[in-house]
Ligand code: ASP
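For reference, the chain that follows is the form predicted alone, supplied as structure tokens.
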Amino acid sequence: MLKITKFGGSSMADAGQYRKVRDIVTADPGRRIVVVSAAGKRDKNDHKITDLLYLCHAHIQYGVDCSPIFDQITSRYLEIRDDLGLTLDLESDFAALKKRLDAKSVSQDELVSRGEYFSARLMAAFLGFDFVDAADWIKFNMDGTVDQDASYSALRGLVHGTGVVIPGFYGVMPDGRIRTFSRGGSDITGALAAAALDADVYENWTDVSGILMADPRIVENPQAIPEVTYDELRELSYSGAQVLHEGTIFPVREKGIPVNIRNTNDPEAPGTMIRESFQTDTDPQRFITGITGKKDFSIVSMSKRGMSNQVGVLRSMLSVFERHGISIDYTPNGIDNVSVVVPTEAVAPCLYTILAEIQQEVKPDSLAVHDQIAVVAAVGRKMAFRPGISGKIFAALGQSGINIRMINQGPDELNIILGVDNKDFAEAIRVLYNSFVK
């Protein structure tokens, strides 16, 4: 069995975490491909190495000496190396990088990718594995998308049965320039490696024991989700849950490879398993998979008598938002009215122009905007088979004095979306969790 193991920044923070990673990798002979992030925070007052590298580049761009920050980065990796008893020469690499940085001959993408690069160099030496540079196999197209066929073929040519360590987060453009994914993109590197090598499972190791059923900043000690489908994960991520980088799922889903979210600090915990579907149900009593949400939405509501009998009214309204590049999250509607739910930050700069254009093109009987709205989502593949779930949700919120401003449910019945006032956001999530999970 081949397992691709990806370790996040918290798992790479110091020598102690490196030792935990070694113990996890050596505990299973299937863990032969290791993908790593840059060193993360050691405590809440610490800095992520990637943040410091971005800061270095900003200093140089404005003609400010970045030596103190660069020295922090260097010291961090040298400290890990020395604590692990390694003899790897990193000083020469750091000196060469600093020289290029001072000469402004290193791009921002290449500079910030060095956090993963040095993490992987150290981890490869510590495990006794081969180092495979991500720039040698992740091939970007000129439009920034990944050339999967070329990338997969390149990696298969570099892996020969022995253990390898790969830095996450970056690849190479057709002209040879280093390009990074967006923040959190090391997850994508691991997924691409899993797909390229037809792995049996992609393990994503982090600092929590799986995907949690609610935000731990809102709900105290929320349970982990033992199993979740790709569709449920998509709903949870879209509605606000911080789970995986969005681009992570597509490569492994295409190949039917399950993803296992695990905790480096609690390796015995089974974590969360993500698959296309599950044959058996480990908890038949649980019908809500997770509860999540986001704040600061605006609802643009329009009513027009006889709208249901007029062709093109909804299209005309939506086309106004399209012209202004506004992505629409939800469109709850009635017979003669429709509402458009959009992020306030996105619509605010052009809101009055949009309203004027809707007024001119659609000529509604009424047009109103409601701000300070939060969206709360209850997600679960089994909700469709439980009569009265919506009623129970509304009753629980009503008993707590929470006013529901908007209701939306998709035809696949994977979720129930509610709009509440921003001030009720956290309480709504707590009420739902305590009512249906706890």
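The shown structure was predicted, so the numbers you read here are calculated from the model rather than taken from an experiment. Residue numbers here begin at 1 and follow the sequence given.
Not pictured, yet referred to below: the form predicted in complex with this ligand.
*Asks:* Is there a heavy atom of residue 184 no more than 4.5 Å from a heavy atom of this ligand in the predicted complex?
*Replies:* Result yes; residue 184 sits at the interface with this ligand in the predicted complex.
*Asks:* With the cut-off set at 4.5 Å between non-hydrogen atoms, does residue 297 touch this ligand in the predicted complex?
*Replies:* No, residue 297 is distant from the partner.
*Asks:* Though only this chain appears here, would residue 202 touch this ligand in the predicted complex if you measure heavy atom gaps against 4.5 Å?
*Replies:* Output for residue 202 is no: heavy atoms all beyond 4.5 Å of this ligand.
*Asks:* Residue 169 near this ligand in the predicted complex, any heavy atom under 4.5 Å?
*Replies:* Close contact exists here: in the predicted complex, residue 169 approaches this ligand to within 4.5 Å, heavy atoms only.
*Asks:* Thinking of 227, 272 and 289 as one candidate spot, does this ligand come within 4.5 Å of a heavy atom in every one of them in the predicted complex?
*Replies:* The answer is no: none of the three residues contacts the partner (heavy atom, 4.5 Å cut-off).
*Asks:* Heavy atoms, 4.5 Å, this ligand in the predicted complex: which of 390 to 398, 367 to 375, 56 to 64, 37 to 45 makes the cut? Say which one.
*Replies:* The contacting stretch here is 37 to 45.
*Asks:* Of 97 to 134, which residues get within 4.5 Å of this ligand in the predicted complex if you count heavy atoms?
*Replies:* If the 4.5 Å heavy-atom criterion is applied to this ligand in the predicted complex, 97 to 134 yields only 116.
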